[in-house]
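Quick heads-up: it's one chain on its own, the form predicted alone, in structure tokens.
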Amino acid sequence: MLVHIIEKELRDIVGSAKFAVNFSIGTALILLSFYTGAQNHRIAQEQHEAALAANVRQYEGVTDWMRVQSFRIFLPPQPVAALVNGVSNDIGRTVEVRGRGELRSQDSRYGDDPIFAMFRFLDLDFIVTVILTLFAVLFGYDAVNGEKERGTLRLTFANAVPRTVFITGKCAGTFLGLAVPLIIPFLLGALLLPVFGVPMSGPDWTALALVTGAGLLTMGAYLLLSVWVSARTERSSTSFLVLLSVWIMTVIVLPRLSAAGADLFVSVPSMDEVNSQKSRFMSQLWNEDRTKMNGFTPANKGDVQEVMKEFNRYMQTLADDREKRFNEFAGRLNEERANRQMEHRRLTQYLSCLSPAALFTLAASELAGTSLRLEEEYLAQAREYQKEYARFMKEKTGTNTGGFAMVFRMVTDDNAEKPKPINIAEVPAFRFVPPAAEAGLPPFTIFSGTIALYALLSFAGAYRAFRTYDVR
């Protein structure tokens, strides 16, 4: 009996004109998202390679390592990030590294092309949260009351059909009728990735498969919710209006309202406020050091070279002390802001858990490595690289270059042999290690599990509502 009901639903869905139109649109958009993702990855890779080359070219012909005051490092594009953008386009891709001082990322994709900040990229997150969830509403809003209006529900129950079997077959058949055909464009889109040169590894394919599965699960949650509402209302027009309101609230309003709601309970100081405090403290340190500089007295006033060396050492001592005091002050500010920001993010996630669509966004970005952890990981690795870079430059120059140190050199022999250009390739290379997919699996499981819980609750609601539904 259950199999016959599922087969009937499959025939009704696949044979309808509504399915043909929606499947054609969905297929086109899914394939387009994979195509644009592959093209964006290619462009991002070309820009990354060009930036690396330009970073090296700026030091062509330089003969003194003291003139290498900074070195830029770049966030390389990641394959799955092209399909699940997350925050990858919002954060800065470039960090200017000096021997000392704070690091800040800059040059975001949206900073380069502001138009993309207004019109976001077409990725799998958009496909699932907007397109597939809307498809689920369109195919589920009249699942029960629509059959009653057409008279087919009374005809079905003229036979000895248990209500449990009917509602189960209705839900399963409708979901299979939508999900199974949509797997085809997802598979075709995945085949486009190696064709366009996107270097997908084993973990990348696994992440993509899990994200696709979570997307279909999200669609299923909205479909079961639609069946529940259909079983709770008499007219299909009423259920459509109710579901459209729910869709707008959960897909568009709640994800944006959750961050605003968290602002009411957790206040996070802006970066401008933090940077202003840092700037004032650094100015205070500079004023103190200027007083110390004015009081500098060399031990040997007769030898100019010795005076310069002694002054350089004195300046390095001041710079090291200034950096230590500034880092302690900045560290406290950063830690306080990071703690508040973490609390704000946690509360935002709790509030957004009311929306299955927002849960999918969080789950997909965690597994794709494009969640909020991406910038934190990038800057953490940049800070580790800064230590390596500082050690290298100290070996080359004898001092820790960069920051606010002042170093003087004198050349007195005009007939000396002209120095050879430095080999900038000796600078240690920065290799970004993206967050492992395993690290994003626990939060992905939690978010996806919550979506599954919503689906089960919706099915339970539909089952209970249909037990007392008037089929006449």
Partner chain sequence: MSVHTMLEAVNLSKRYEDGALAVDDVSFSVRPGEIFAMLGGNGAGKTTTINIFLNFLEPTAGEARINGIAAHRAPLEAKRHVAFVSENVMLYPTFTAVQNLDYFARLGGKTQYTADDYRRVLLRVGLQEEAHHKKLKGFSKGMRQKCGIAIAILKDAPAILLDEPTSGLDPKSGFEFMQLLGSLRDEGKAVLMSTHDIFRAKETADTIGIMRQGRLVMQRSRAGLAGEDLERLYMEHMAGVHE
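Residue numbers count along the first chain shown, from 1. Not measured: the values here are computed from a predicted model.
Below, we refer to the form predicted in complex with its partner chain, which is not included among the displayed structures.
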Distance check, I115 to its partner chain in the predicted bound form, heavy atom within 4.5 Å: no
Contact test in the predicted bound form: F157 vs its partner chain, heavy atoms, 4.5 Å: yes
4.5 Å heavy atom contact, T450 to its partner chain in the predicted bound form: no
Contact label in the predicted bound form: G151 to its partner chain, heavy atom within 4.5 Å: yes
Contacting member of E147, D123, D204, E323, with respect to its partner chain in the predicted bound form [4.5 Å, heavy atom]: E147
Candidate stretches 194 to 202, 99 to 107, 161 to 169, 242 to 250 - the one whose heavy atoms come within 4.5 Å of its partner chain in the predicted bound form: 161 to 169
Every residue of I5, D12 and V471 near its partner chain in the predicted bound form, heavy atom within 4.5 Å: yes
